[in-house]
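Here's a solo chain for you in structure tokens, the form predicted on its own.
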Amino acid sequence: MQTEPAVGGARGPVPTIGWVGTGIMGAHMCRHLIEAGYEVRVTTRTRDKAQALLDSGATWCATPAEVAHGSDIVLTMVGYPSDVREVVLGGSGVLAGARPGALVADMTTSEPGLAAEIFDAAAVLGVGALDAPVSGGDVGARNGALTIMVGGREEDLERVLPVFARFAKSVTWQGGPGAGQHAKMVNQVAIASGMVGVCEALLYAQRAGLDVARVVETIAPGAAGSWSLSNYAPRAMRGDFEPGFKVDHFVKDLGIALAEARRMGLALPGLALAEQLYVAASAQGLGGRGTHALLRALATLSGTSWATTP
């Protein structure tokens, strides 16, 4: 029997993996599993988006239920909470086909309450459930260097750790059902205003007549340094606004965070401002672009344009 390393160095049977959702990040994450030798069953709304994975050895399934029926562990990575509800709880969703003893881990950034609902529905069927949203964007997914924040039972995380290790550099249990999603909201709150600052800094540098690339190189090692500055500023400077993470998905995340903040009685004015700026970016037709495309929206608000550097 084929085996794989498990926690603590022991070895055990290799699970069959089900995968639902092959978007910007999901396709890279799934590819890492195929390359590691896992048997992978996959579905997505449009089969063409999964073709590269199928060519690499994945097995196509028509529905999430079909994916789950032949899988030991099912990972879902879709766009919105409504998508999560459909592919996990729907009539042809993962839980409709999951076998007792299976495990489902939703890696979408979604609602903490929905994660708890999935956990309860799965438990009735004898199925484990984790909420396991990720951070790191397309770069982290491509390089197998994502950060995963996990909610659910710690023993279920132990089962899936060897799988997560194929595309993540950091996996941390945060607590019970929904805790992974709450941790991801913390991540998004921290990023949101920081991205506004990065974009405003680039606009300021351009308007002041500075060599933008030079000034970014100067400030990046100091207190102004951030992952967003190091990874997104270079893209913006060459006019590359392709999504590592889409504006519209960020608007969704910030909306979830604000709703949770209201529920907990928290005032987060910086987050509220960032959300409004991203809503404005989406209204300008930038919803399908990367989050750093906020730069172009802010330029428009200033009555200027963003000039790329050579």
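One rule holds for the numbers: they count along the sequence shown, beginning at 1. Everything quoted here is computed from the prediction, not taken from an experiment.
Keep in mind that the form predicted together with a small molecule is missing from the display, and what follows is about it.
Student: Just one of 148, 77, 74, 118 has a heavy atom within 4.5 Å of the small molecule in the model of the complex. Which one?
Tutor: Flagged contact: 77.
Student: Find the only residue in 240, 86, 158, 200 having a heavy atom within 4.5 Å of the small molecule in the model of the complex.
Tutor: Result of the distance check: 86.
Student: At the 4.5 Å heavy atom threshold, is residue 18 in contact with the small molecule in the model of the complex?
Tutor: No.
Student: Flag residue 252 as yes or no: does it have a non-hydrogen atom within 4.5 angstroms of any non-hydrogen atom of the small molecule in the model of the complex?
Tutor: Residue 252: contacts the small molecule in the model of the complex.
Student: Since only the chain is shown here, I'm wondering whether residue 25 would be in contact with the small molecule in the model of the complex (any heavy atom pair within 4.5 Å).
Tutor: Yes - in the model of the complex, heavy atoms of residue 25 and the small molecule come within 4.5 Å of each other.
Student: Taking the small molecule as it sits in the model of the complex, is residue 46 in contact with it (heavy atom to heavy atom, 4.5 Å or less)?
Tutor: Because a heavy atom of residue 46 falls inside 4.5 Å of the small molecule in the model of the complex, the answer is yes.
Student: Counting any heavy atom within 4.5 Å as contact, can you tell me which stretch out of 32-40, 252-260, 275-283, 65-73 lines the small molecule in the model of the complex?
Tutor: The contacting stretch here is 252-260.
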